[in-house]
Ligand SMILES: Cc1cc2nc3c(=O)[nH]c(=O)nc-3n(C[C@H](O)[C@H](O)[C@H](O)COP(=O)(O)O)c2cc1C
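In the block that follows, a single chain appears as structure tokens, in the form predicted alone.
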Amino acid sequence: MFCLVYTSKANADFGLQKVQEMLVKARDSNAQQNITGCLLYFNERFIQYLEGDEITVKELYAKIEEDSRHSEVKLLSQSRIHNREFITWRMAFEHLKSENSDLQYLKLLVATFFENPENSLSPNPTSIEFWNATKLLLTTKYADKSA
């Protein structure tokens, strides 16, 4: 099993509605390729965690680098992992613009990372601890909605 994390900047015409449309297609494609992960969107920037077979994930990342809907694509980290973090989510997604108090911690971590990656708060998006926290917060958020 393999994971990678990257960041990018959405182009001006790639707003939230188009992101939502892209997610529908990405989730279908990810299901076919056995890829799982999480996409965070904050201040027109993305941070994405992808996991699956190493070759498949790297091929997907190569396509992402060429995607004209965003720019400044930068690989933050990549590594082999023992287990999937987002095993039940073909692509978890959160737009961190809202004032949801449950996600303020996550929003703070992402904001400080974008402002100054070298001195960002820990855990930051390059670490598995960040994505574990993200998974926990999103799982709790969506579990509360279905209760």
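For clarity, every value in this text was computed on a predicted model and none was experimentally measured. Numbers follow the displayed sequence, beginning with 1.
Below, we refer to the form predicted together with the named molecule, which is not included among the displayed structures.
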Original post:
in the predicted bound form, does each residue in the set S29, Q48 and D67 place a non-hydrogen atom within 4.5 angstroms of the named molecule?
Top reply: yes
**OP:** Find out whether any non-hydrogen atom of F130 is located within 4.5 angstroms of the named molecule in the predicted bound form, and reply yes or no.
**Re:** no
Subject >> Interface membership of K63, the named molecule in the predicted bound form, 4.5 Å heavy atom rule >> reply: yes
Original post:
Is V57 a contact residue for the named molecule in the predicted bound form, using a 4.5 Å heavy atom cut-off?
Top reply: no
Subject >> Proximity of M22 to the named molecule in the predicted bound form, heavy atoms at 4.5 Å >> reply: yes
